[in-house]
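One chain comes next, on its own, written out as structure tokens in the form predicted alone.
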């Protein structure tokens, strides 16, 4: 078998066999197939596509390119969640404790963020001492004992994806649906959960800019998950403005704590967690309907069990759980300032991606993998789509490490807002459940 023959087949729009896909992924993982040939294949896949069988074969070849986590030492059904990423996305911090408080085991692999803000691990490291550097045995023990644990992704998990992802990023092939699906699902399948729920973002602050593109991705993700024998669901949600109000690591943790404390029962963050959590509980057989599942989740919050579960997880992973009940103990920025509006009107648009870049510029995210995150900095929005603003009223609060960076962020954040003289209709937040 030769890679040149496989390239010619895909160039001409012909499907690759299971054996050919396995050969290609194994060869690229062990280095016998060079970057330049795999780059050509990624471009051919982008232009010619793959059928459902090919995508499943590609996903499974990537799953088996390295370690596959065996969660059988954990009793009961295990659930995991994946988000395609957005601005202010602190969903896991709220969702996972809520679901675990309902009795469903959460065994989650998480990563660090590259871009607007940190990933789930970076956010949780706002708790002093918290670590996700767990051995498999510690991970299993924590899930069995506490019903929840979050572990950093190991280097041996789907190594083909790590190599391919880096290659796609520099060859213009990131938008390929087959490559996106195999990348996401190979990691989730290798992580071993029985139930996988996917939050597919749609809009300015997300990778999928249109509802049609988001739905195509969501349908492909769930189909591959089910073909691989997992219980799988997806929700398409709006990302034309940041999720919730906080963008920045410790600030997002504070917002997550407030939602788990029941302080914002009808906000977009709580509604998203209820929708995702309801899918998890129904797919796992813990509830007969989404309505029943939602009530279980709301009861977990109102009773305080969900907040206690977050504290339990933080404590079990070496963190100071006192900050769960006293968020003022979380890292604090040395400089804060307001962003007064220069005009009156109704907020008609918030450039979500640009808000994320403001936070990154303050030190809340990474432009490069080696960049260090400042957990204390970021932005808290006071006005969102459809809100009426008076001239001089604060649009947001900036949390910064210096006066100079704060002043620069104020000017940039003002440019993230657009205004209308009349009422503005808020778009539906949850677009579709698949």
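All values derive from a computational prediction rather than experimental measurement. Numbering follows the first chain given and starts at 1.
One more form of this protein should be noted, the form predicted together with a small molecule, which is absent from this view; the next part is about it.
- Look at 91-99, 161-169, 245-253, 226-234: in the predicted complex, residues with non-hydrogen atoms within 4.5 angstroms of the small molecule sit in 161-169.
- The putative spot formed by 21, 23 and 59 is not touched by the small molecule in the predicted complex; no residue has a non-hydrogen atom within 4.5 angstroms of it.
- Interface residue among 347, 284, 179, 218 relative to the small molecule in the predicted complex, by the heavy atom within 4.5 Å criterion: 179.
- Proximity to the small molecule in the predicted complex, defined as a heavy atom within 4.5 Å, holds among 307, 190, 184, 151 only for 184.
- Proximity of residue 140 to the small molecule in the predicted complex: non-hydrogen atoms within 4.5 Å are absent; the residue sits far from the partner.
- Heavy atoms of residue 130 never reach within 4.5 Å of the small molecule in the predicted complex, leaving it off the interface.
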